[in-house]
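The chain below stands alone and is given as structure tokens, in the form predicted alone.
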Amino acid sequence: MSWFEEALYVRTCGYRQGFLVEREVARLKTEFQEMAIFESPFFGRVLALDGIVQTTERDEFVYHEMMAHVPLLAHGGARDVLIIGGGDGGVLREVLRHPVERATLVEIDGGVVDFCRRHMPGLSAGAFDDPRTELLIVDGIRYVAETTRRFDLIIIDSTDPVGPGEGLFTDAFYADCKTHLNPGGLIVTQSGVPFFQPDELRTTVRRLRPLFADVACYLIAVPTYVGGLMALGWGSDDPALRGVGEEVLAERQRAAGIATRYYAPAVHRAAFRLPPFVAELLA
């Protein structure tokens, strides 16, 4: 056995985490990044991109459920969903548990899709074969700049703002996303771990605020995303979406027949209650 050490915060914070590796399952370098999947005794298979952990079989449900069910159940009527990134298929899997008509996944690196479908098939659980899925292997930045389509929900399931994910945090990209939202639509973004990455959340909120009447974030606890709570950014022109009550959320979840392991209406509501140090980043 050996150790995988994730060094995401070594330079900025002098901190790293390690995983005991039973065996390396696969490794592949594409024109965009280096991908690796290894077996961990506790977390099962772990996906790392450029040496940074993206997801594990043990705790992936937290991120994927909250990325999808919070906006979809708040909206209550989304039919056309766009996912930028998310080539592992986890968010797509959860989106398709709702009565959506189409889910378009735009991924710049087709190697991620093939790699995860082959070596971590449980992440997508057949979602790429669903007839409602439209998979486009193109640059998400270019896609939202050129498409004429509109969506009820846009989910930005990106890596951190380095490498292929860097352009998914810009003013121009968010502005293009806004132009392709239907009235009453909303956008949700991966916005980093506020304890270690305060600038990521601060910058995301600053760039969304001129575009949307209601800008916020909600917090989730993913064990392998080190540094405590992770933030997901939120933007909509309808402030009422963030205030949907537990009873309504529960009824929508029951109607869709969705069983969850992390998401719950009470968790949904509580996720928007921010500790002061996070709230200050949004001020």
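Since the model is a prediction, treat every value here as computed from it, not as a measurement. Note that residue numbering begins at 1 and tracks the sequence as displayed.
There is another form of this protein, the form predicted together with a further copy of the same chain, and it is not shown here; the text below is about that form.
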Region of this chain that lies against a further copy of the same chain in the predicted bound form, out of 26-34, 234-242, 52-60, 210-218 [heavy atom, 4.5 Å]: 52-60
4.5 Å heavy atom contact, Leu229 and a further copy of the same chain in the predicted bound form: yes
is_contact(Phe173, a further copy of the same chain) in the predicted bound form, heavy atom dist at most 4.5 Å: no
Touches a further copy of the same chain in the predicted bound form: Gly257 (any heavy atom, 4.5 Å): no
Close approach of Glu246 to a further copy of the same chain in the predicted bound form, 4.5 Å, heavy atom: yes
All of Phe128, Val138 and Leu282 within 4.5 Å of a further copy of the same chain in the predicted bound form, heavy atom check: no
Within 256-280, the residues that have a heavy atom no more than 4.5 Å from a further copy of the same chain in the predicted bound form: Thr260, Arg261, Tyr262, Tyr263, Ala264, Ala266, Val267, Ala270, Arg273, Leu274, Pro275, Pro276, Phe277
